[in-house]
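Here's a solo chain for you in structure tokens, the form predicted alone.
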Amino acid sequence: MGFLVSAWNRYKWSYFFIAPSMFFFFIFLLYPVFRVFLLAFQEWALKGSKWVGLRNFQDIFFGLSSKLFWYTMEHTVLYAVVVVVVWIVTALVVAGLLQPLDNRVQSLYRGAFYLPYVTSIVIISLVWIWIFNPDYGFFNWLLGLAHVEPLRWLVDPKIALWSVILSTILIVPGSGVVLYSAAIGSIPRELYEAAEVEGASAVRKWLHITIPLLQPTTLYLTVIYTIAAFQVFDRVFIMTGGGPINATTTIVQLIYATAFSDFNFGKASAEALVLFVIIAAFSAVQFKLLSTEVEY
């Protein structure tokens, strides 16, 4: 008790200054999350909610719509795996190519690569819709130059999801480039000089010095990219609307449709809770595989 009183006397002004932020945190984040958890076990209605236990989860995994749930989950996992792997590799390679350049030039390229990251996803998606247009799109124009039949990029169920993935991975992840560039710049030069004395080539230095010492940064980027990929919604919603015939529907889009089209907020909350568990499981595995005590 004395410890709490002492802490209050010492940090009371700190608590006062963070109180407004904590208030909004509880009202607009913590409380909604708590409500979602409760709704997952209820059947929502305007007249009032009724406790149904695990019935919403049974409907998700074994009900009539279970095939659609697993179908959308398959799309989401495929999207997440491809996008995260390509983004990590792309960010690492680009950051490595920028490292020998002058600091001013590096800053210029970092800003250029980071610009799409702060650009509205709506604008970017609309541009990609034009690029994929089957009649006058840029990609089909390129195929026409090679005398290849035009593709129905966003209409053909066989390639629609891959078209959305392509529109994502062709954008260099600016956040990864910036973080990798900073991390590479903080690695002691003495390590590379010692490797050169031993006759190590540039590739061996990259594989045995740079990549291992960047593991904490790789872990951070892998986790945040995985979370973002599993929550993909706006890009798919704008470009395809989940079609054709649910060929590009992701789990977040399914949650949205369940809640705001079917008005089944209980089931939508259960689907969101399942998604949270899956993301947490993926993150735990990534921490297990990539965590290290070395930081640069």
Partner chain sequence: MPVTLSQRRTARQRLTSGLAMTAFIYGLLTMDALVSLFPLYWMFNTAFTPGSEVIKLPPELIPKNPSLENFHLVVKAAPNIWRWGANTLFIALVTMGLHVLFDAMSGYAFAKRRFPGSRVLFWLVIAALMIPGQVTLVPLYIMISDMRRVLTEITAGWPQYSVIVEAASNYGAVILPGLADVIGIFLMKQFIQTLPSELEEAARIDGASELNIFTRIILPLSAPALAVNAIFAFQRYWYAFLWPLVVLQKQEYYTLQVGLSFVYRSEFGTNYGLLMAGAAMAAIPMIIFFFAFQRYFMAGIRIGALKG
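Positions refer to the first chain, counted from 1. The term rigid core refers to the maximal set of C-alpha atoms that superpose within 1.5 Å between the two forms. Not measured: the values here are computed from a predicted model.
There is another form of the same protein, the form predicted together with the partner chain; it is not shown, and what comes next is about it.
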- Every residue of R35, Y136 and A268 near the partner chain in the model of the complex, heavy atom within 4.5 Å: yes
- Quick one: does Y192 come within 4.5 Å of the partner chain in the model of the complex, counting heavy atoms only? no
- Query: Is there a heavy atom of I165 no more than 4.5 Å from a heavy atom of the partner chain in the model of the complex?
  - Reply: no
- Task: Indicate whether the partner chain has at least one heavy atom within 4.5 Å of a heavy atom of P188 in the model of the complex.
- Result: no
- Exercise: L46 in contact with the partner chain in the model of the complex, heavy atom 4.5 Å: yes
- Ok, I123, L143, V85, I211: which has a heavy atom sitting within 4.5 Å of the partner chain in the model of the complex? I123
- Which residue, V148, V81, V105, L207, has a heavy atom that falls within 4.5 Å of the partner chain in the model of the complex? V105
- Message: Looking at heavy atoms inside 4.5 Å, which stretch does the partner chain contact in the model of the complex, given the options 110-118, 71-79, 157-165, 211-219?
- Response: 110-118
- Message: At 4.5 Å, heavy atom to heavy atom, what parts of 14-34 sit next to the partner chain in the model of the complex? List them in sequence order, or say none.
- Response: S14, Y15, F16, F17, I18, P20, S21, M22, F24, F25, F26, I27, F28, L29, L30, Y31, P32, V33
- Task: Return yes or no for I279: a CA shift of at least 2 Å between this form and the one not shown, with the rigid core superposed?
- Result: yes
